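Given next, in C-alpha cells, is a single chain: the form predicted on its own.
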C-alpha cells in the first residue's frame, strides 16, 4: 500500500509541476502590479484549465503524502517520493524541451539509485 501511495505522490507532483510550468510559460512575465492589474491577472488565471488541474494534482499529492506518513516513517516517505525528481528531469527535457545539464542528469541518476536502495 505504501508503494502505491508513493507512486500516486510522484505522478501527481510531476503532473502538477509540468502543468504549472506550461502555464507560466504561456502566460509570460507579470509586469502590471497595480491593483487593477493584479485583479485582471487573477481573473485570467482562474480561467486557465492547466493551472486549475495543476492545483488539483498538488492537493492530491499533499493528501497522499499525509496518508503515506500515517503508514510509513518520514525517513522512508521523503526519500521515496524524491523519485519525482527523476521523472521531472525526463519530462523537462522531452516534454517541455528544456536544456538539462550534465550535472542535473547525474543528480537525477543518483536520486534514482537512492530510491532503488529503498526497495531492498
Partner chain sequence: MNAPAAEVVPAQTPLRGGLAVKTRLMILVVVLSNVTGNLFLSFGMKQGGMAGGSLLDCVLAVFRPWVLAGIVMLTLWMLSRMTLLSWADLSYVLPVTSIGYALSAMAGKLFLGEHISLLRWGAILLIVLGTSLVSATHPDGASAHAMESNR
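What we label the rigid core is the largest C-alpha set whose atoms superpose within 1.5 Å from one form to the other. Numbering follows the first chain given and starts at 1. In this text, all values refer to a predicted model and were calculated from it rather than measured experimentally.
Although it is not shown, the form predicted in complex with its partner chain is what the next lines describe.
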Inset, instruction - Find out whether any non-hydrogen atom of residue 28 is located within 4.5 angstroms of its partner chain in the predicted bound form, and reply yes or no. - result: yes
Legend entry - Contact of residue 71 with its partner chain in the predicted bound form (heavy atom, 4.5 Å): yes
Legend entry - its partner chain contact in the predicted bound form: residue 65, any heavy atom under 4.5 Å: yes
Inset, instruction - Answer for residue 33 alone: is it within 4.5 Å of its partner chain in the predicted bound form, judged on heavy atom distances? - result: yes
Inset, instruction - Within 4.5 Å of its partner chain in the predicted bound form, which residues of 84-104 have a heavy atom? Give them in sequence order, or say none. - result: 85, 88, 89, 92, 96, 98, 99, 100, 101, 103, 104
Legend entry - CA of residue 59, rigid core aligned, shift of 2 Å or more between this form and the one not shown: no
Inset, instruction - Verify the C-alpha shift of residue 108 between this form and the one not shown: is it 2 Å or more after superposing the core? - result: yes
Legend entry - Core-aligned C-alpha movement of residue 33 between this form and the one not shown reaching 2 Å: yes
